[in-house]
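Only one chain is shown below, in C-alpha cells, and it's the form predicted on its own.
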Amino acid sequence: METDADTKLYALIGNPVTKSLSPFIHNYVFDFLNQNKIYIAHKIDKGNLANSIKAIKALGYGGINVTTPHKINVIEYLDDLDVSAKNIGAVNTIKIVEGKLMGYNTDGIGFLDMLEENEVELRGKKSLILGAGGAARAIAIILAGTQISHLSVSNRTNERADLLIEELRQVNKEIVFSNAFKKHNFREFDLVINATSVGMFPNIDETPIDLEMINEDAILCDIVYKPHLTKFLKLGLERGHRVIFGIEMLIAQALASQEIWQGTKIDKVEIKRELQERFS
C-alpha cells in the first residue's frame, strides 16, 4: 500500500499486539474500499496510555481499536461513550472527530453479527458462556438483550460469575440467569460459548470444558482464533457438533468498527468471505 501526506492513520493499541490480525483485516478493508488510509499496531504499556492518547489526538488519527490491557482504563481519557460501551463498561473502538474521542464496544455487536451470519436462532434458546472476563461480559450483556430464555455463566472464580449474573438480571428480567458452577453436566444448553483464552496458542492442547457434558446437538462457539481449529472445536467436530470459529467474531468486530469510523454501512458479504478464506 502507498502512503502520502494525506494518508489517514488508524491503529490498534494494547500489549501484546505483535500477533494481532487486526492490521491485516483493516488494511484489507481500506484497500477494498479504495481509501487512502492505513492501520498499524502500537504496543502501549499501562504507564504510557495517557501520553499515547494525547499523541494520537495530536497526530490526527481517525480511529483506534483498543485491546488488553486498556479497554477499561482508556475510558477516563475519552470525551463520551455510546450506549454499548456504557453498558459493558469497556471500550474497544474509538472514533476521533475534530479532536473529540468517542468510545464504543463492538465485541457484543460483532458476536451477534457472527451468529446472524451463521443463521443461529436465539429465540427461546438456552446459552452457556464459559468465562466472566471482558469478552464474556460483552457477549453476555448483548445476549441479555435478545430473546433467549436462559443464560448461564461458568467461571473459575465463582464470585466473578455471580457479580456478572446480578448485573445481567438488571438488563432483562424476562431471562433466567444462573451460575453454572455447581452443574455436573450442561446438556440443557443449545449454544456453548468459550469466552476464555483456554486453548489459545501456545496452550493449544487445552479445552475449557469436557464435551461429554454437553448436549450433542449444541452449537459450539470459540472466541479464540489462534489456532483456527482449537481443541474445543476440533473435539466438537469429531462429535458431530456444529461449530463457529473465533476468526468469524474477530472479523465481525472489525467490520463493526469500520462502520463506526466510516459513518455508514458497508457491504460486508464479499469482505467477510475473502477474509475468512484467507484465515481458514
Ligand code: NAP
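Because the structure is a prediction, the values reported are computed rather than measured. We number the residues from 1 along the sequence you see.
Quick note: we don't show the form predicted together with the ligand, though the next part is all about it.
Enquirer: Please tell me whether the candidate spot formed by R156, I223 and M249 is one where all three residues come within 4.5 Å of the ligand in the predicted complex (heavy atoms).
Expert: Yes, the whole trio is in contact, each within 4.5 Å by some heavy atom.
Enquirer: Which one, A136, V74, L115, A85, lies within 4.5 Å of the ligand in the predicted complex by heavy atoms?
Expert: Checking each option against the ligand in the predicted complex, the one that comes within 4.5 Å is A136.
Enquirer: Which one, I96, A90, A132, L151, lies within 4.5 Å of the ligand in the predicted complex by heavy atoms?
Expert: Contact residue from the list: A132.
Enquirer: Is there a heavy atom of S197 lying 4.5 Å or less from a heavy atom of the ligand in the predicted complex?
Expert: The answer is yes: S197 has a heavy atom within 4.5 Å of the ligand.
Enquirer: Can you tell me if Q253 lies within 4.5 angstroms of the ligand in the predicted complex, counting non-hydrogen atoms only?
Expert: Flag for Q253 set to yes.
Enquirer: Quick one: is R160 in contact with the ligand in the predicted complex, heavy atoms, 4.5 Å cut-off?
Expert: R160: yes, in contact with the ligand in the predicted complex.
Enquirer: At 4.5 Å between heavy atoms, only one of the stretches 96-104, 198-206, 140-148, 119-127 reaches the ligand in the predicted complex; which one is it?
Expert: Stretch 198-206 is the one.
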